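Taking the form predicted alone, here's one chain by itself in structure tokens.
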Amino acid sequence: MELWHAWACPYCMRVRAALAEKGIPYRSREIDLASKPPDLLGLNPKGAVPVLVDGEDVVVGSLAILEHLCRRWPYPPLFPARPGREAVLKAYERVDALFAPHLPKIARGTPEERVQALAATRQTMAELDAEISDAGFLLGELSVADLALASFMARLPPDWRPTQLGFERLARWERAVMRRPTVREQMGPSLAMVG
């Protein structure tokens, strides 16, 4: 099995964390997004990552890869039976919709765009903070939705994290998820700041 990925890409981070959670060995094919190798373009003409090559199967996109992994290796489950697959998918897609538009502004925006992105991120965190379960995860048990949220949190500056912004429940979520060795190892050194 081979995973084509870029280290700092949040969509790749969540796939690597899922592979680690499940203990699935794979060959890493880390790429530079500014200089995409022809082999990648042969697998995915759009040149986007992540791409998983599993035998004859070529799976493109983080959600498709996560679903593929969970079908082949159901344990530990990242689509828990409770609250159910549909609830996990809905939370996963919601996390993407809430956070994805702001990452480019956070990473490469003007000072004004960064201020706007912070305001939007703070509002998003307030919504999530009110909804997080007492178990510490988004939906009760660790799921792909938690990995999706973790991949975005890993890209935020330390002073934009839930603990720094005063979101108690989301800070508890952050401690529960971001301290997991599989998440820390696959989402980079920026997690060293999680208290």
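Worth saying up front: this structure is predicted, and the values here are computed from it rather than measured. Counting begins at 1, following the sequence as shown.
The protein also exists as the form predicted together with a small molecule; that form is not presented, and the subsequent description refers to it.
*Tell me which of 22 to 30, 56 to 64, 163 to 171, 131 to 139 has residues with heavy atoms within 4.5 angstroms of the small molecule in the predicted complex?*
In the other structure, the partner sits against 56 to 64.
*Heavy atom to heavy atom, is Val49 within 4.5 Å of the small molecule in the predicted complex?*
Contact with the small molecule, yes.
*Does the 4.5 Å heavy atom contact test between His68 and the small molecule in the predicted complex come out positive?*
Result no; His68 lies far from the small molecule in the predicted complex.
*Does Cys9 reach the small molecule in the predicted complex, with heavy atoms at most 4.5 Å apart?*
Although the small molecule is absent here, Cys9 would touch it in the predicted complex, with heavy atoms inside 4.5 Å.
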